[in-house]
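The chain that follows stands alone, in the form predicted on its own, written as structure tokens.
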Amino acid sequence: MHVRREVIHIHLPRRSTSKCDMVGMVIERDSVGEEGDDVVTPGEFLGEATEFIAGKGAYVSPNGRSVRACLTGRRKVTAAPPGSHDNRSTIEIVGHKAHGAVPQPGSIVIARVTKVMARNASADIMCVDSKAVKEKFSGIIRQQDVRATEIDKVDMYQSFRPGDIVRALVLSLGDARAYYLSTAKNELGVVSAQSISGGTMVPISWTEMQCPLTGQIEQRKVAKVD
């Protein structure tokens, strides 16, 4: 860790020359911002939520106990300003190279499904809140996050197929450096898909899409069209 110092001019009455006052000035000056040399990656633990406030490039985990990184970069800790009601320091990620949009818990993303398995589907995130990403971000849609009802009856192979374009909600960062995504709302799910014959399918219900070339119907978790 290294400390970035700032020159602060403080005018104190002559009587305020106690050791306690001087110590207070040093602490204030040295805690302007501390940056770590180690690089952190998305999902990495930064500190306890009882001790730190999540700043830029960081977020509080769903259980509310820890602060984790959502960018690649160096951690920076800034002490709470004097007199603040919240004495926690702010921790953020700096020095990252991401200039495009970055997924955050609560973001709506557009992603392309790359792989479908029995219990989850993998996807590459392309847009975050209508802004294109410039880095590669991966997402996972778990079986329990496909829809809000009859979760135990969800068939992943009848919900998504590789190449499908989906609209999804970012829940959190997963352990495998991939974002957990959800399509468990009417407006979320497959927004564009190609049939086996190569035609762009048309949604005909919340669970079916039809190929205009052959008339064949395929199962999907379809997003409600506005």
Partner chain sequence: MDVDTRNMTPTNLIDKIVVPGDVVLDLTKMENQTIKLGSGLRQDYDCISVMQAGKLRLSKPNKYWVESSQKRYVPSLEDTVLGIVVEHRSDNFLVDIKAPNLAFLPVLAFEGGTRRNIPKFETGTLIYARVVKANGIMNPELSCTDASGKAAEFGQLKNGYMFETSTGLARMLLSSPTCPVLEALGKKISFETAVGFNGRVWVNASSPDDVILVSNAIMRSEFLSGTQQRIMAEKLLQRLEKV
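All values reported here derive from a predicted model rather than from experimental measurement. Residue numbers count along the first chain shown, from 1.
This next part talks about the form predicted in complex with its partner chain, which is not shown.
Chemist: Answer with one of A79, V116, C127, I140: the residue that has a non-hydrogen atom within 4.5 Å of its partner chain in the predicted bound form.
Modeler: Contact check passes for V116.
Chemist: Does any heavy atom of T214 come within 4.5 Å of a heavy atom of its partner chain in the predicted bound form?
Modeler: Although its partner chain is absent here, T214 would touch it in the predicted bound form, with heavy atoms inside 4.5 Å.
Chemist: Just to confirm, R161 within 4.5 Å of its partner chain in the predicted bound form by heavy atoms?
Modeler: Result yes; R161 sits at the interface with its partner chain in the predicted bound form.
Chemist: Is Y157 near its partner chain? Define near as a heavy atom within 4.5 Å, in the predicted bound form.
Modeler: Taking the distances in the predicted bound form, the answer for Y157 is yes, it comes within 4.5 Å of its partner chain.
Chemist: Choose from 116-124, 71-79, 86-94, 131-139 the stretch whose residues reach within 4.5 Å of its partner chain in the predicted bound form, heavy atoms counted.
Modeler: Selected range: 116-124.
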